[in-house]
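What follows is one chain in structure tokens, specifically the form predicted alone.
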């Protein structure tokens, strides 16, 4: 069976109350749309309370991918799950600002450890 690179799925791992999504390939529009749907289905299926998305491998994020990430955070919030994006490279942050793209509702952290801490803190605050 031959899989085109555009047919690949990004693995989503559940650890405790959180989904871990580590993007290890270049994102293209079709994959971003597929990932958004995949994450929302996993939130529904597992009852996850948070999603950690590692984009450290991404060297470029265009306005479409940026909007997809922002939209994903909004949709996850509606489904009662927080989203933290980790590992954003400086060039990606510069591009997003230059594009004037705001990502409301999207929390960011430098690395996975800090991202997990943010999600755990959000969950504790919600439960108290």
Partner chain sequence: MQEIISDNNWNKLGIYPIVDEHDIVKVRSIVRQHAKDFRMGIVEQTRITTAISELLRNMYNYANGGDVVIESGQVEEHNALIITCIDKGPGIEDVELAMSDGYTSGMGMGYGLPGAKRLVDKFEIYSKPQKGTTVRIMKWK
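Residue numbers count along the first chain shown, from 1. Just so you know, these numbers come straight off a predicted model, no measurement behind them.
Keep in mind that the form predicted together with its partner chain is missing from the display, and what follows is about it.
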ask   = Should residue 78 be counted as a contact of its partner chain in the model of the complex, where contact means heavy atoms within 4.5 Å?
value = no
request  = May I ask you to check whether residue 95 falls inside a 4.5 Å heavy atom distance of its partner chain in the model of the complex?
outcome  = yes
Contact label in the model of the complex: residue 44 to its partner chain, heavy atom within 4.5 Å = no
message = Contact with its partner chain in the model of the complex for residue 61, defined as at least one heavy atom pair within 4.5 Å: yes or no?
response = yes
ask   = Using a 4.5 Å cut on heavy atoms, which of 82, 68, 88, 27 is close to its partner chain in the model of the complex?
value = 27
ask   = Across 103-128, which residues bring a heavy atom to within 4.5 Å of its partner chain in the model of the complex?
value = none
